[in-house]
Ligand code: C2G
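Only one chain comes next, encoded as structure tokens, the form predicted alone.
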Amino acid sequence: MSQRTVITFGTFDVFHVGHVRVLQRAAELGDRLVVGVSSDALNLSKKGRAPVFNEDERREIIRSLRVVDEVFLEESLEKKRDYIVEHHADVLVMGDDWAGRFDWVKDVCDVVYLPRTPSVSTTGLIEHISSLS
């Protein structure tokens, strides 16, 4: 019986409990969890700001988690299908704020949208920290 590989993607900047929970839930859907961490350039292009922690630091944080088996650098949103195929993923997991937006890869893997942790967001945390100074 072959291993079921789950893949997910994220910036994982200012790592918080919401990140931990989504990665734990993703890992429960298979035998192996592969995580694509957005490059600094991709983060800048999609969010309009540089991440607080650079791509090497963010990959190190994710790699250190016991539920994560492999980490790679995501350099393009348009390459989702390529990353899924390259890593032999059976399941793509995304947050439910992306619901329906990755259904176009259902021909190569299952797609699961997980609910996000309420009241926890990286943007909200950064804004809160900024307001303290």
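Remember, it's a predicted structure, so these values are computed and weren't measured experimentally. Residue numbers run from 1 along the displayed sequence.
There is another form of the same protein, the form predicted together with the ligand; it is not shown, and what comes next is about it.
Interface residue among 90, 40, 74, 69 relative to the ligand in the model of the complex, by the heavy atom within 4.5 Å criterion: 74. Put simply, of 56, 97, 86, 103 only one has a heavy atom within 4.5 Å of the ligand in the model of the complex, and it is 97. Although the partner is absent from this view, residue 109 stays clear of the ligand in the model of the complex, with no non-hydrogen atom inside 4.5 angstroms.
Contact annotation for residue 63: none of its heavy atoms lies within 4.5 Å of the ligand in the model of the complex. In the model of the complex, the ligand lies farther than 4.5 Å from every heavy atom of residue 32. Interface membership of residue 79, defined by any non-hydrogen atom within 4.5 Å of the ligand in the model of the complex, is ruled out.
Contacts between 16-35 and the ligand, taken as any heavy atom within 4.5 Å in the model of the complex, involve 16, 18, 19, 22, 25.
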